[in-house]
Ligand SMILES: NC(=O)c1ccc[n+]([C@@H]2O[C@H](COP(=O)([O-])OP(=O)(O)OC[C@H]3O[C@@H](n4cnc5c(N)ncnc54)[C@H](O)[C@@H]3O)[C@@H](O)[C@H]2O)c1
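Shown here is one chain on its own, the form predicted on its own, set out as C-alpha cells.
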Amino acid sequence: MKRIGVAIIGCGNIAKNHVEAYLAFPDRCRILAVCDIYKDKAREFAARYAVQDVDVEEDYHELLSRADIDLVSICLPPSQHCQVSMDFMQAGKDVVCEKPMAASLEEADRMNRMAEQTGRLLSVISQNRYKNDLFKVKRLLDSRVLGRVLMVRVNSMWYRGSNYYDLWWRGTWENEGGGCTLNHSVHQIDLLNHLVGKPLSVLSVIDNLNHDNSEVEDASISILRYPRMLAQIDVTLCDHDEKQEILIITENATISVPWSLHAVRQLPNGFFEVDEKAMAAIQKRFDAIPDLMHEGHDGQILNVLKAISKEEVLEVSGHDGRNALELIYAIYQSATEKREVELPLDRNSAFYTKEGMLRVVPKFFKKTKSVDNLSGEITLGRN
C-alpha cells in the first residue's frame, strides 16, 4: 500500500491533534511538510512531536505543486480556511479542514463546489462523532428502540479567561467569524444535527458577559423547533466546570452523552415508577454495540485515509460542516434581529455572506490587545 503524503498547514494548538493522529498510522501515511507563517514555530512544532525528515515552510503556496503530497490538514484561523482549502483542492490534494469550516455559508458553498468540481475529498473535523458514548447513542436512536425523540438539551460549557482573546485573530468578527457559538459549540451543534437532523427554526440571544477584549459573544442560548420536538443549546466561555453534555428525552427513556440512562413507566394516576426491566433491556443494547477502535481525531483521520484508499466512504464531508454553520448563522441572525428564524437560511440573508454579517452583527467590546502567539496547551472541556 502506498503511504499517503501529508502536509499540515498551521502549527498552532489544534495542529497537535492532527500530527498525533497521522503518527498513529505510520503504515498508511507520512508527514512530509509543516507550514506556518512563523517558520521558527513550525520548526519547534516538528521537533516537539518528533516528526522526522519533514520540510518546513512559511508559505503554503510552496507546497501546492508537490506531487508527493496527497492530503493536507488545514489548522488555520477560520477566516483563512476557505481560500487555503480551495487552493489545495484545485492543486489536486484532498483536504481535512478544522472546524468551523469557513467564515460564512457562502464560503462553505464555494469549498463544497470546489470539492465536487475537482473530485477531491473534503472532510471537516467533527472528532466528537468518534467518541464511544456518542457513537453508541447514535446507533440506539437509529434503531428506534428508544422511540421518538421529544426534547434535547445541549450544554456546551467552557472556560476561557480574558487573556484568551489577546491572540491576534481571536475576538473579532472579521478574523474569528464569531464567538463561542461558532468556535466552541460547533462541536455540539454538529452532534445535534448528526443525532436528530436539522431544525425547522431557531430563536436565540447572544451576549458578552465577561470578556471585554472581544467584539464577539461569550454566551448564547437558543431554542430550536423540530416536528413535534424541541431542543435547547446553551453555550458559554464563563463556566468553571466546563461540563459538556447532550441530554435526550425520548418516548421510552431519557439518556445522555456522556452515557446515562433512566426509564420509568406510568402508574394509573399518571405518576411513575422506575422501569428496571426497560432500563436493563436498553443497557444491554448499548453494551452490545462494539467500541470504536480509534476515538477523536484519530478515528476521523483514519476514515479519511481509508476513504482516499477507497476502503471506506467518507463519513464527515464538507456538507456536514456546512450544516453546522447554517444553524450557527441562523442563531446569529435570530439574536441580531431579535426574532425566530426559519431554516434553511435564505441566501438573500445578510448572514449568508461574511460581508453582509459584518455590516449588522453587534460588537460588544473593542479589541485593544493583540499578540502574535500564546503559549501553553488548549483545554477541551470535560466529557
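This structure is a prediction, so every number in the text was calculated from the model and none was measured. A residue's number is simply how far along the shown sequence it sits, counting from 1.
Beyond the structure shown, there is the form predicted in complex with the named molecule, which is absent from this document and is the topic of what follows.
Does each of 38, 41 and 125 have at least one heavy atom within 4.5 Å of the named molecule in the model of the complex? Affirmative, all three are within 4.5 Å.
Whether residue 215 contacts the named molecule in the model of the complex should be assessed with a 4.5 Å heavy atom distance threshold; does it? No - in the model of the complex, heavy atoms of residue 215 and the named molecule never come within 4.5 Å of each other.
The named molecule contact at residue 169 in the model of the complex, heavy atom, 4.5 Å: Yes, residue 169 is a contact residue.
I'd like to check something about residue 76: if you look in the model of the complex, is any of its heavy atoms closer than or equal to 4.5 Å to a heavy atom of the named molecule? Flag for residue 76 set to yes.
So in the model of the complex, does residue 24 come within 4.5 Å of the named molecule, heavy atom to heavy atom? So residue 24 does not count as contacting the named molecule.
So the named molecule isn't shown here. In the model of the complex, which residue out of 80, 201, 210, 112 has a non-hydrogen atom within 4.5 Å of it? Contact residue from the list: 80.
Among 98, 298, 107, 94, which has any heavy atom within 4.5 Å of the named molecule in the model of the complex? Checked against the cut-off, the match is 98.
Location of the named molecule contact in the model of the complex, chosen stretch of 80-88, 230-238, 307-315, 136-144 [non-hydrogen atom, 4.5 Å]: Result of the contact check: 80-88.
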